[in-house]
Every structure is written in C-alpha cells, then in structure tokens.
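The form predicted on its own is given below as one chain in structure tokens.
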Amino acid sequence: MRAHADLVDRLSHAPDKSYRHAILVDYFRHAPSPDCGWVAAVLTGEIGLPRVGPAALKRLAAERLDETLFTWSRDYVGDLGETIALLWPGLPGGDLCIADVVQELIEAEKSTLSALVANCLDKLDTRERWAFLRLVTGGPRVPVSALEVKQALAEFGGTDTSAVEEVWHSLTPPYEPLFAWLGGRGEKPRTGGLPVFHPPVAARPIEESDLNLIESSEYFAEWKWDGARVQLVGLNGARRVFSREGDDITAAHSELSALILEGTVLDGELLASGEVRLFDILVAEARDLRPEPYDNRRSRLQSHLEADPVLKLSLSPLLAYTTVDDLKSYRSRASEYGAIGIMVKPRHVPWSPREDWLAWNIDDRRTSAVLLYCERMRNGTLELTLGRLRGNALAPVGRVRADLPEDEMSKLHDWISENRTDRFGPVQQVRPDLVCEVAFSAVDTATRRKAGLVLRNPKLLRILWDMPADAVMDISELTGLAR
C-alpha cells in the first residue's frame, strides 16, 4: 500500500494536469502487475468496492480510541477518516499491496467488512491508513479523470490514447492483457466484438487568425449545444452509452441505449430535455466511416436518421453562411436557440481525435457576489462559495476556485483569517463583506437550492476589495437570466 499511498498523496497535491500526468506515467512504469491494473480501475471508477459508512467507522473508533481524544481531534481535523488514520494505534509492518487489499474488499461479506478494515488498519502506517480509508469510503478522491488515466497509460505504452480507448471497455480489471501489451510483453488485446468507445473529434477555441481562413465552401457551421457530449454504440446485440471522457454511462441512460440501432456508432450532444442532437456517425451498418471526410459522414448520418426516424434523436442543423459576419450574427443569437455558441468544422477532413473542429462560444457574462464560505481542498486549492441576498437571507449561487496571483492570494488568506466567524471541519464561514467578480456562461434554475438558481461554469476574475457588499446583494439580476 505504500506505493498507492504515495500516488494518492502526490496526486492530491499536484498543482495542475501536467504534474498529474507525469505522476501517473511514473507510477505505471514502476508499479508491479496487477497493482497498476487495480489502481487504474479504482481511479477510473471501473470497479465498485463495498463502502464503509461513517457509522461503521465511528464504531471502530469507539473500540480502539479514547473517546475524548477522538472527539477533540476530529473537531480540529474536520475529517472522520483522516482523524482515524492519525490516531489508530496499529503497529505498521504488515506486507499489504493494493492488489491484495482490493481483492479482499471485493470478496468480503458485509458481516466481516468491519473486521477486515480494522485488520488492514493494524498493518498500515498513517499515510497508508489515510489512503486506505479514502478507498473504502468512496474512492481515492483525487482530482484525476478517467481520460487522464488513459492518456498516462498511452504515454507509458508509447501509443495513442485512442488505441487505449478502443480496447478499454472490452477488458476487465486488473487489465493484465492491456498492461502486457503496453509493457511490450504481448499483443494488442482484441475487443472480441464488444461495443467500445471511439475518442471523438476534439474542438479548440476559435482564434482571430482562424476567421480569415474560414470559407463557407470548405467548412460547415452548426450550433454548439449546451449539453453533454455522448457516444451511442450498438454492436453484436449490445448497446452502450459513453461520455465525452469514455466512461460507460449506460446504466444512467438506459432510455437512450434502447434507441441505438445495431451496427452504429453515433456522436452527439445530450440536452437537458433528454433529446440527443447528433452531428457525426463513425460506424454505419458495421462499416467504419472514420476514414471518410466529414461531409460524407454527415450525409450518411442524415440518411440514417431519415431511414430510421427515432424519437429523441435528431440531426443538428447546419447554419448557412457566406461571410464571417454571418457567423458573428449566428453567434450573437445562439442563446435564443438553447446554444452556447457555434461550431465550425472542415468538410473534407476524416475523423481524428485531434482538435480539428473550432468552437466559437458566446462571451461570458459577468456579475458580482459576496463571499460566504471558503474551503481548502485536498489538492491544495481554495474553493469559494459566493452568494446573493434572496428575501432576508444570503443564499449560495455558485462555487469557484480561487485562482489569483500570488500577492492577491496572500491578501485573501489574511482577510479570511481576520473575518472568520465559524468553522465546520475544513469549511470556514466568513463575514459577508467581501465582493468577488465572476464570469459565467448562463444561469440555471435549481429548485432544490436555497437561491433557486446556480451560475453555470463560474470563474473567479478578481476580488473587489473596495466595493461595499450591500451594492451586490440583491438576486433579482440573476433571476431574470435564469433558464
């Protein structure tokens, strides 16, 4: 467990994605099999381990720890698992590896789970206990996506991420054929006819220099829909729904899987209404269309939908244009159509996971809100909860990461220390006197939230140190924008 604990600790404190990538590649290069396979499965959420709830952990703590010491320590530390990891009176020295621990957890009966957890804690040191407890209480909780894991595996094996993606869902943990191939000890695994994820064409933000190159004869223009990218795959009688990152989300969208036709791979955007707007087809009638240019694939997709109309599956319409001014006009009216901008796609380029498409989003809106709470996260970032006044009470409207220059961050930390009014574990409540300016793409209604709305994609721009809080308290401005 030492290597796993080191990995979790390093990932939790990595400042950005490039550091996390280097850490993962280094781990996969040096970790033994099947440890690396189980870790990959844990980080990507591909296995469901039995969870130990707070009540069970409290019972374990009551059996081994002094009640008063535990209570005081937990009040200070703020996290139940971390407190137990620090205070547990075990005698480290056992020879545990992550593969053994995961196997035991998978095979454990509910009645013996608590005893298994206590036995593992006895054999681990403080850092290993903390990583282990994170594992059994809901996963390692590190800021790493499934796509990042696959990108690291691809670099470790000297191949493309798309090659890893294409075999990933045909294998099961601990992925020994995959690691044998990536490590140069075996052939590339065969998919066995199972539905697999194909990394979609990526997009990059449009730049000023791109505007001079875009000609209507060479490009298609479409709406950039405000939804979630999905891929619908049907092969050999099986149906799968994948997210943009390649996660299998079929169980959460069973109503979509029932709509997928055999021998097809469709690419589109899942809207909040439940409708899927399709804009690409990668496979039709079990034939791979990826080598064909986009205009051919687009025509095949239209024919496919006309031949077999399916409720909730529709073709994303093309936007006729001849000049860049036409595109600017569409972009300015995007929100009227439930879109967040436009996409510009080259007609004659075959499918590739490269950034061949151009995204031209509408400009972010800006607003100001009052700082209510702040929380230091495990990865070292500071998260701020911002609010507005609704009725007679302040209500949170968004949560942003404090990503500011070093001198501003130092000033913010000092202000928080001087204006803290309460503390709830790692969360600090402050006097509602500090105003923050944020950018956001839209306002969504949220009936379960106290404010009744939430900012979409909020990003902290700056601290307005001299602005009085009562100048930005009222929530009516945001209510008028809510969708």
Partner chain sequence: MAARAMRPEDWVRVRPEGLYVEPGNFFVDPGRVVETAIITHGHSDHARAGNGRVAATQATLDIMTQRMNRKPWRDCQALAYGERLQVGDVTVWLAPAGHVLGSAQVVLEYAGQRVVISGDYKRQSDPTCAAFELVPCDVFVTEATFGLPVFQHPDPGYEVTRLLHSREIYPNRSVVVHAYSLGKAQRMLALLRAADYQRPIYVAPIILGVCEIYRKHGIDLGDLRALDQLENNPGSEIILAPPSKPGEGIVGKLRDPLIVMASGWMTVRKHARGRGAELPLVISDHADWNELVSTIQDLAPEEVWVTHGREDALILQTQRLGIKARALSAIGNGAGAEQ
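Just so you know, these numbers come straight off a predicted model, no measurement behind them. Positions refer to the first chain, counted from 1.
There is another form of this protein, the form predicted together with the partner chain, and it is not shown here; the text below is about that form.
Residues 9, 69 and 86 are all found to lie within 4.5 Å of the partner chain in the predicted bound form, as judged by heavy atom distances. Heavy atoms of residue 15 reach within 4.5 Å of the partner chain in the predicted bound form, making it an interface residue. Interface membership of residue 82, defined by any non-hydrogen atom within 4.5 Å of the partner chain in the predicted bound form, is confirmed.
The partner chain is not drawn, but in the predicted bound form it has a heavy atom within 4.5 Å of residue 26.
Within this chain, residue 410 lines the site of the partner chain in the predicted bound form, having a heavy atom no more than 4.5 Å away. With the partner omitted here, the stretch from 361 to 369, 291 to 299, 266 to 274, 127 to 135 that lies within 4.5 Å of the partner chain by heavy atoms in the predicted bound form is 127 to 135.
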